[in-house]
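Here's a solo chain for you in structure tokens, the form predicted on its own.
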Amino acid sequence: MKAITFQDVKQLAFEEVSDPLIEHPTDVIVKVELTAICGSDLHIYRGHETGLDRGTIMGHEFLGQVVEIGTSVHNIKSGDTVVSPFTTNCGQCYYCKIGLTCRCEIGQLYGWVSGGHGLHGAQAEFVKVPMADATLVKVDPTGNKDELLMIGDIFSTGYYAADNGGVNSETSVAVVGAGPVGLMAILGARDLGTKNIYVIDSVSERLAMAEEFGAKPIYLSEMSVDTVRSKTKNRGVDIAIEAVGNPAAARLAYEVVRPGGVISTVGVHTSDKMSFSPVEAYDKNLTYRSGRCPARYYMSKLMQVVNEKRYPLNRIISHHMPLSDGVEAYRIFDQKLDQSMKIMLHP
């Protein structure tokens, strides 16, 4: 089969690789109909996360049709159209049972193979899914596949950022970063009841879309913090959602949140230091909530949101490209060319 594979920093290949095989009775093979490039893929592409084996298939967002099942798979059938969260999960361990499916004791992240161990990704014609009964979610094959794919990662992640921050109808929120996850966090905050949402970014097109999604746009500048405070009785917001994953964004979230407020961060950080000190956190009575989204936990709820057409999720899609153009798609996304926002790839 053909796939996008990691070769080195900013070096990918569209090449022929071995088809995935059923290795355990709980595995299935999915023929990928739609996959996508995620902002966290860029951490690997740019070399901010290291240790990936050369030849690893990239990607962790996909929708497709089941074409082969293991002998112990019971809930998923050949021919089912399915979406997967970006991590696999068993559904039975302590973490799965409390809803923290992203920390399943035997779960894996798609697109991460290191030292010969791990799970290949989904930017390919086929992908293997371990623990398929617990991991996969069946979807209506006539539904909006672009939007259904998003419940496996970015919509779940954005929603989780708002939920984990404690958003409700009484809270004010600032979203730092109006990329795909930041935009989904705006929708998550709206769905949880608040209309008092600000968003900070430096890309005018993204700010315009954030405004369309229901947030008040603030252009990133030296005055951003003062602007937020001026709109919140000089206190700052109750909840700052950091959806970028770099030290500057984390620092900005700290600056705009009020004393006693919450920072909810879902940006994938690769720095080894916090952007504010323990003393600063103490002096602000800060609550800091961070971590990988338990996407499988949120998927059923958010599938209903998609099916009800509650929000125009597909507005964030800027490109549909064939998988064969995937290497160029990464370059476009990395450099924010052609007003790129979310790139969908079709095997």
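The first residue of the shown sequence is 1; numbering continues from there. In this text, all values refer to a predicted model and were calculated from it rather than measured experimentally.
If you look for the form predicted in complex with a small molecule, you will not find it shown, but the lines that follow are about it.
J.: Check each of C90, L192, V225, V203 and return the one that places a heavy atom within 4.5 angstroms of the small molecule in the predicted complex.
T.: Contact check passes for V203.
J.: Would you mind picking the one in G267, G107, G261, P85 that has a heavy atom within 4.5 Å of the small molecule in the predicted complex?
T.: The option sitting close enough to the partner is G267.
J.: Using a 4.5 Å heavy atom cut-off, indicate which stretch of 113-121, 69-77, 271-279, 236-244 touches the small molecule in the predicted complex.
T.: Of the stretches listed, the one contacting the partner is 236-244.
J.: Can you tell me if G47 lies within 4.5 angstroms of the small molecule in the predicted complex, counting non-hydrogen atoms only?
T.: Taking the distances in the predicted complex, the answer for G47 is no, it never comes within 4.5 Å of the small molecule.
J.: At the 4.5 Å heavy atom threshold, is A248 in contact with the small molecule in the predicted complex?
T.: Judged by the heavy-atom cut-off of 4.5 Å, A248 is in contact with the small molecule in the predicted complex.
J.: Tell me, yes or no, whether L220 is in contact with the small molecule in the predicted complex, where a contact means a heavy atom of each within 4.5 Å.
T.: Yes, contact at 4.5 Å.
J.: Find out whether any non-hydrogen atom of G188 is located within 4.5 angstroms of the small molecule in the predicted complex, and reply yes or no.
T.: No.
J.: Whether V30, G59 and T135 jointly form a contact site for the small molecule in the predicted complex is the question; each needs a heavy atom within 4.5 Å.
T.: Checked in the predicted complex: no contact with the small molecule for any of the three.
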